[in-house]
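Below sits a lone chain in structure tokens, taken as the form predicted on its own.
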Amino acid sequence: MAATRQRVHADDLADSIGLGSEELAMRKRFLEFDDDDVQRLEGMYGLTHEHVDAVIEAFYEHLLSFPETTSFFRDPRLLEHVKGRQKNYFIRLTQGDYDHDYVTDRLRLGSIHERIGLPVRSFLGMYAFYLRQIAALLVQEHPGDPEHAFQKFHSLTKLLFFDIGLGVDMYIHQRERTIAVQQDAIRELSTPVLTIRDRLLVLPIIGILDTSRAQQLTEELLRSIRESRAQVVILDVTGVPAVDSAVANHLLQTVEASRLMGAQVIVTGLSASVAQALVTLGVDLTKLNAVGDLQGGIEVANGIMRYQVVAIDDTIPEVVDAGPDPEAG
């Protein structure tokens, strides 16, 4: 499911990242990339087509000389596939028409690099390598006209910086989507509201609480209180390593919201560090019904709900209703 949510159809890549025609035109203007540059690049097609194999093979020989990048290309089929894409990329630099289809192709390539986990530094190193290789080829092609060689090199530099922007955008976009999917999965798995018995809920919280997760936790708890008509909720924070002032205040709001819905909240498992942090932050602790651990919290909940534990034989206890509270109505 996560993989499905991460993928974006190739034709929708530019739009999904916000790279509309106005944005792309603005980027070209910023780089001062104009029709003269396009003409110079088209004039370099024969050069890139002639030397593409040598340039790409030299690049991957350089890339694979580093252990940290070799690990990404252990599969020979993947290596050949990426080489083929790079050859197409290299030739495409000098074929003109740098609009929608060109941008989509560049984004696809960036997506492949991000998906296999290629570091951004290696991705950017590719452009530096291309510039070095082509600079040498242009000098050889125009030995008596360095100004002409420089103009072509300058046009290519503009286009490669345009491409770098697209590649970085793709990396960021894919990483953000991946992180969002992972965070959704973590939230779904890490905030289960458990029904211990009729009208008694336990919410064990594990991991770091941030404001977003605290909000999601509150919504889930209040929904469960309504559905189960809960009388008592045990909020177990044994697995929470730290809280900040925003999260602490949010927990207090959760306690108050639960009370308004008819449920008392018992907080269990406060660690020494979290307790000290709450005191240091100046949080109003008078609203917290705190108990040392989960077992203690269940015992307190039993008292509130008028349950008691009795033994039905030598080993197995049973929770029974202690009867109506004589002080109630």
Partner chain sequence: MSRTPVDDVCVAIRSDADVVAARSLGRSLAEQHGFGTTDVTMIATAISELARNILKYAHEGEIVVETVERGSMSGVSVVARDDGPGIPDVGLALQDGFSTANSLGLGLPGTRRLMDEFEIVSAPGSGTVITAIKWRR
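Remember, predicted model here, so these are calculated numbers, not experimental data. We call the rigid core whatever largest set of C-alpha positions still superposes within 1.5 Å between the two forms. Numbering follows the first chain given and starts at 1.
Below, we refer to the form predicted together with the partner chain, which is not included among the displayed structures.
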task = Identify which of A277, L294, V38, V55 has a heavy atom within 4.5 Å of the partner chain in the model of the complex; exactly one of them does.
result = A277
remark   = Partner-free chain; cross-checking the partner chain in the model of the complex, the single residue of L281, I304, M261, M26 with a heavy atom within 4.5 Å is L281
message = Is S65 near the partner chain? Define near as a heavy atom within 4.5 Å, in the model of the complex.
response = no
key: Contact label in the model of the complex: N249 to the partner chain, heavy atom within 4.5 Å   = yes
Contact flag, E114 vs the partner chain in the model of the complex, heavy atom cut 4.5 Å = no
inquiry  = Using a 4.5 angstroms cut-off on non-hydrogen atoms, would D97 count as touching the partner chain in the model of the complex?
reply    = no
remark   = Testing 157-165, 207-215, 193-201, 99-107 against the partner chain in the model of the complex with a 4.5 Å heavy atom criterion leaves exactly one stretch, namely 207-215
query = Taking the partner chain in the model of the complex, which residues along 242-256 bring a heavy atom to within 4.5 Å of it?
reply = A242, V243, D244, S245, A246, V247, N249
Is_shifted L270 between the shown form and the other one (CA, 2 Å cut-off, rigid core) = yes
inquiry  = Using the rigid core as the reference frame, would you say H142 shifts its C-alpha by 2 Å or more between the shown form and the other one?
reply    = no
message = Does K158 shift between the shown form and the other one by 2 angstroms or more at the C-alpha, the core having been superposed?
response = no
